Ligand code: HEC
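Only one chain comes next, encoded as structure tokens, the form predicted alone.
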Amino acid sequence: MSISVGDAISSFKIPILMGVMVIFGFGIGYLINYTFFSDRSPVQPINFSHKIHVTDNNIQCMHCHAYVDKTPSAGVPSVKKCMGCHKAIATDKPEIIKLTEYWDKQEPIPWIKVHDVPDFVYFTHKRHIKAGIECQTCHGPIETMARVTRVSSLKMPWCVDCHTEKQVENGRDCVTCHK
């Protein structure tokens, strides 16, 4: 039994076509996952708006993120900190009622991290604040966000590019971020 050149070419077309379809399918799947199912803008237990607090009411970042210039972590405000104002302000609003429920139960709010780096990365807000880096450099226009969205990848190449651009001395040594 002999196989013609045309038959041989046809037998290669099917696997190639299937391969192209698989790659295309993965690409479409990736785009759908990235657009609709990424953790870049998770739904939080309380719909907190930086826009209302920072832009509309002129509350400075460091009022709530009190440790940002003193420790590696910016610190998420405690329920007590929030209730310092919200015992008297906007108490009838649905999101403040949720806040009050956490306060009454003496439970922390289970916020979902939006800006996070892996545990093997040592990142300190303190060093960046002391260098005069604005919050928006990494967090984007956070003061305009009704819902926090991660706008920067916070991955190593992004950080290295910034350190390179700003000519940070020793900013590209491995031990700067990996201790």
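Keep in mind that this is a model prediction, so the values were computed, not measured. Residue indices: 1-based, along the sequence shown.
Just so it is clear, the following notes concern the form predicted in complex with this ligand, a form of the same protein that is not shown.
Asker: Answer with yes or no whether Y122 is in contact with this ligand in the model of the complex, where contact means some heavy atom within 4.5 Å.
Answerer: Within the cut-off, so yes.
Asker: Answer with yes or no whether K105 is in contact with this ligand in the model of the complex, where contact means some heavy atom within 4.5 Å.
Answerer: Although this ligand is absent here, K105 would stay clear of it in the model of the complex, with no heavy atoms inside 4.5 Å.
Asker: Classify K13 as contacting or not contacting this ligand in the model of the complex by the rule of any non-hydrogen atom within 4.5 angstroms, answering yes or no.
Answerer: Judged by the heavy-atom cut-off of 4.5 Å, K13 is well away from this ligand in the model of the complex.
Asker: Taking heavy atoms only, is I23 within 4.5 angstroms of this ligand in the model of the complex?
Answerer: I23 lies outside the contact set for this ligand.
Asker: Using a 4.5 Å cut-off on heavy atoms, which residues of 67-95 contact this ligand in the model of the complex?
Answerer: Sequence-ordered list: V68, S73, A74, G75, V76, P77, K81, C82, C85, H86, I89, A90, K93, E95.
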